[in-house]
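Two forms, one protein chain; structure tokens for each follow separately as structure 1 and structure 2.
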Structure 1
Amino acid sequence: MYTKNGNTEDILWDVLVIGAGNAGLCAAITAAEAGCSVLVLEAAPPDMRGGNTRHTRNLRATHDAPTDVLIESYSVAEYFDDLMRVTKGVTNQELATLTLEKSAELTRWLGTRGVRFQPALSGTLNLGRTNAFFLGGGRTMLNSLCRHAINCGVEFLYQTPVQEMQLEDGFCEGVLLEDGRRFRAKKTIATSGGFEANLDWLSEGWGNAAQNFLIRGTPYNKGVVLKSLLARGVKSIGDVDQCHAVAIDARAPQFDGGIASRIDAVPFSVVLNKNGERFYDEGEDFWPKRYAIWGRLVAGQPDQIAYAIVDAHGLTRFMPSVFTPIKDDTIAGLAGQLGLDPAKMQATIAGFNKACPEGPIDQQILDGKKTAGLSPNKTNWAAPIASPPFYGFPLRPGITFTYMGVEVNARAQMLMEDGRPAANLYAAGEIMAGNILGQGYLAGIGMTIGSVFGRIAGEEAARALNRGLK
């Protein structure tokens, strides 16, 4: 109906949602279930819809007792401690507590709307206690929610990237698309993600190094909506250089490589920079607790590149990767293939091997098998790189998502620079995740924030329109 006469402004929607990811769908469904007319604008075509939700696979949820999809229990207090540990306290504690408390309802709420989870205990990553895994991953979850949203009467428009948020003194009067069409709604909910696919914006925080970053997340998160909001007086939160950055295979695509571009070799390897030198303790902790710092570590090295080197024993200790590792029978040969100085690399490996303790390593525990006298030392799982063939994985920083966003209150309303809530603007998901996740990362919490705040935004928008109140 919004295209019949070509004049999209004729319709005043109750709720306009920008972005069809997890947060946007939760918001749209909640508002539609309360009786609102809802339009969702999605920048991507249908096959690529849903922003970074496409690349997710679980959410982190508190629970007092075992459920069908989560084992044992995970209290809000423990969850909160985990969050404080990774963020080092850079979080809005009120919003954080709200998110964690409301995470208890999520698997049931999503489940009754068609999302299916894997049974408890069946996940790959030993996160069965804290994280509920979507059956088939994030894209299947999206498909189910979209299906449900359509059944609730939500309308979707694809390939509709927004160019400008038309704000007047904290009131959103309309949303202008790149193609010139303009949409109006009583309430607008921005769930349009961060700006990780905008290398120029990343450069503001990272300098030229950003030009060597690979973007593991969706190519559609260019931050246009965020930038437009910030330029018109919405208060920002978080630092421009804060992002989820992991070390991924340097051969991964520039955008959208997702989970499969991940390299799990680091704890069983020595990692060299382009000068053939080690630069960080590869065995500091279990990989799930460390993988999210290695993007920054590699970003800090010359030309933002590093190489994880393992031998034939090491190769079998971690999940296979999507790109076949570079292989050679000798260290010098491998150096040649990787473009490193063979003499330097041989010397580094020989020095490392000499510093390794005796005996086998045990990857199931922090085995304390540490090197002696190196700088830096490898503090666990230190075993010589001695059994040919040798393998090299080239590593680059891979940016999954960014943290800088708009500041919100507990009703998901955007706050203006003077601290007042915006009149008719709400935010959920990655665009406001920085309120809770100032730095660091906790697996699955991005989806939790998206679902919880998506629901709050949808509820609050409906409530403000006197809908759904019985």
Structure 2
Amino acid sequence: MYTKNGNTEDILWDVLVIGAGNAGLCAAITAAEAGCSVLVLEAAPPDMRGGNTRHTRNLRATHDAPTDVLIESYSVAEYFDDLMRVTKGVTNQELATLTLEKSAELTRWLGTRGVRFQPALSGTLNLGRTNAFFLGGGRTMLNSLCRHAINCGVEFLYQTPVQEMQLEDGFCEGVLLEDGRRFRAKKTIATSGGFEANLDWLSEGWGNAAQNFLIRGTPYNKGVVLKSLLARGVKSIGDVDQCHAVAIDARAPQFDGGIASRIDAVPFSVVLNKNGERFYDEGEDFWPKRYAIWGRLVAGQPDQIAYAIVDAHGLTRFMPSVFTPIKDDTIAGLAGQLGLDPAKMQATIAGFNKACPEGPIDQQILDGKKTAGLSPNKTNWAAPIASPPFYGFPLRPGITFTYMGVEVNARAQMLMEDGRPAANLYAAGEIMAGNILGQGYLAGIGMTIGSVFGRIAGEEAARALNRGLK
């Protein structure tokens, strides 16, 4: 490392990390612990730092026996089967297997760097075997890693959005900021997220429907780094219209609503479009394996809106929302409040109720309580919507992060269009998650990908610089 005038931008850093979320911090800490000088550039101000990590709750990790925060066991084989089911095989199986195997190290690695965990809370107990929950949530986890990074000598610069990645034949010669400053490093790790906050880019895959999307995550993920890399010969992975998209409350803000905007009513509800019609099996599988398909499903409906309808019993079966549900003593009255045709909604609910089996449902298992004669049928937890008062949640697609990104290898090196590894460029987190998530989602795996590949990127950058790994 050297400096001409004592200015940060004049230093040739060992490692430059773009993005101060989970993946970036894991990369920065790993490289710093190996003796590298590390600078982290973060587009957001300090109180908004960390991208979508601020909104997370947990990560999904394999384990062979119960731990202090995870019950029973969750094998790599089962984890892999779950991933194949939700992605329908659209994944790089080598990188997926690597991620799942290394997930076993994460709770200990993060724990020794200040992150604390807690058992699954009420309403998330079906994740107690697979997902480790952060004590205090993603923001507390983020703050713990930032403190540790600073203690390791990592330096941070906030409100430093990147304008251009300066590449020459796969070698990153510098990073140009919007304010005109230029930073150089021997190794650069991009962890800056996707392009979910760029509605115009989303429209390239979704058309005008994207203008009705709400963005659950940070407004700072505009895809500038990704677009610059792709324009300079880095190979892309994934499709522009593939993303983590969930059904969130239509009353949520345009940006940064976070996990609080999610509506978990779907498995125990009837979901109607604006025409008062059902359009998909609400009880297809447990919610953690299906919640991330519902944003896409709602996006395919007229005006990109839908409505989850539950009765007094159904309202008790899921985590409450921060948004007060719309309530009425009659189905017709609720329809009027939601702006739906009362006769049509009454007919749909009556037909659904008639098709439900007798007896109680069991929400702890795939209970096989399914409707008969409907298209589509509800295949689990089919209980009549019959006990007043009745409640409705308006739903819109909520985009968390996009899957199209840069292709990487098992060393977290970005690959160029001709297949060769970039000379000094690595990637971790959302910007490369599409290598593993071609479609679909498993609760908590986004954080797992970020942590695993953040560590790999930091290790490989340090190793290439001949720094000793501790």
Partner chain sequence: MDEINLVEMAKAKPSDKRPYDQNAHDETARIMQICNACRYCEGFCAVFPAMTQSREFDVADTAYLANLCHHCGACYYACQYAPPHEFGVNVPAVLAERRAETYADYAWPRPLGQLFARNGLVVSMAIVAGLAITLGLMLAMIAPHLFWGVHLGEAAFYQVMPHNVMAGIPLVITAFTLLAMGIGAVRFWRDVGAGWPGWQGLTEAISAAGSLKYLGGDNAGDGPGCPVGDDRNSHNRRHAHHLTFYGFMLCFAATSTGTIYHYVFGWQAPYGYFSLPVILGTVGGVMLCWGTAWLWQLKRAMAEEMKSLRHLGMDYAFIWLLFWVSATGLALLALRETGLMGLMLAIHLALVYVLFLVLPYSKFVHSLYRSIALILYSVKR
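These numbers come from a predicted model, not from an experiment. In this text, rigid core is short for the largest set of C-alphas that superpose within 1.5 Å between two forms. Throughout, residue numbering runs from 1 along the sequence of structure 1.
Here the chain taken from the form predicted together with the partner chain appears as structure 1, while structure 2 comes from elsewhere. Core-aligned CA deviation for L157 between structures 1 and 2: less than 2 Å. If you fit the rigid core between structures 1 and 2, you'll see the Cα of Q166 move by less than 2 angstroms. Core-superposed comparison between structures 1 and 2: the C-alpha position of L142 differs by less than 2 Å. If you overlay the core, the Cα of M319 moves by 2.7 Å between structures 1 and 2.
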